[in-house]
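Before any questions on binding or motion, here is one chain by itself as structure tokens, the form predicted on its own.
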């Protein structure tokens, strides 16, 4: 007569096998869903990367960019930091976007800054003594917007003054973090699915090694070998 231990062993193996199959199913679902969610972001960054890497004539936008300039009357900006004053001037001028500090404030009566948003660059030059501000607008077409989004972060590592001060910039940066995390999860799920296919392990290992070696060449090898 079989013992209770012997009777429970097949049930435990069946339960473990069930957990493994459910994990494989969720891994595939995760891979597909993340791939669909990040698909257009990946295409966007792939296209913009190609545009940044090549000078294709059909994608040139800067020489033919539309420009305009207008002078407006302004009131004294609110007291506070430069950022507070820039925000107040933007409110007066009806501007929206990410504030960029492009020059150092040399005179108390001069206040210059840039407002950027996908499709538009606005250079604001305020004369606080005359209570007048000149706004130069530079328009960007679709190719310009695509390039701009590739590096639209609102921060500069070498300039602590530039930080994210527009809510849409923060949302865009958060979306990019999500895309990066999603791609990491997709790669991990791909490794798990590849390892399940015994017949594909050899060639998959070669492809994996080739990718690792080529990446290591650029990340580390160029420093030591060339």
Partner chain sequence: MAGQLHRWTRDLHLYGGLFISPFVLVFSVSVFFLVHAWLPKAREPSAKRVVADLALPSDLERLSGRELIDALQPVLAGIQAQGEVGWVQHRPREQRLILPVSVPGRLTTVTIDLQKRSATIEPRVTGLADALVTLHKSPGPHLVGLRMNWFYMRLWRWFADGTVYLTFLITASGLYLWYGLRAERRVGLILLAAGLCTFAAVVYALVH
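Positions refer to the first chain, counted from 1. Being a predicted model, the structure only gives us computed values, none of them experimental.
One more form of this protein exists, namely the form predicted together with the partner chain; it is left out here, but the text below deals with it.
A.B. asks: When the contact criterion is heavy atoms within 4.5 Å, does residue 118 count as touching the partner chain in the model of the complex?
C.D. replies: Contact with the partner chain, yes.
A.B. asks: Taking any heavy atom pair closer than or equal to 4.5 Å as contact, tell me whether residue 164 reaches the partner chain in the model of the complex.
C.D. replies: Yes, residue 164 is a contact residue.
A.B. asks: Please run the contact check for residue 33 against the partner chain in the model of the complex: heavy atoms, 4.5 angstroms, yes or no?
C.D. replies: Looking in the model of the complex, residue contacts with the partner chain include residue 33, since a heavy atom lies within 4.5 Å.
A.B. asks: Examine residue 39 and determine whether its closest non-hydrogen atom to the partner chain in the model of the complex is within 4.5 angstroms.
C.D. replies: Residue 39 belongs to the contact set for the partner chain.
A.B. asks: Whether 70, 83 and 144 jointly form a contact site for the partner chain in the model of the complex is the question; each needs a heavy atom within 4.5 Å.
C.D. replies: Spot residues vs the partner chain: no contact at all.
A.B. asks: Can you tell me which of 149 to 157, 107 to 115, 83 to 91, 126 to 134 lies within 4.5 Å of the partner chain in the model of the complex, counting heavy atoms only?
C.D. replies: Of the options given, it is 149 to 157.
A.B. asks: Suppose contact means any heavy atom within 4.5 Å; which members of 170 to 199 contact the partner chain in the model of the complex?
C.D. replies: Counting only heavy atoms within 4.5 Å of the partner chain in the model of the complex, the contacting residues of 170 to 199 are 171, 172, 173, 176, 177, 180, 181, 183, 184, 187, 191, 194, 197.
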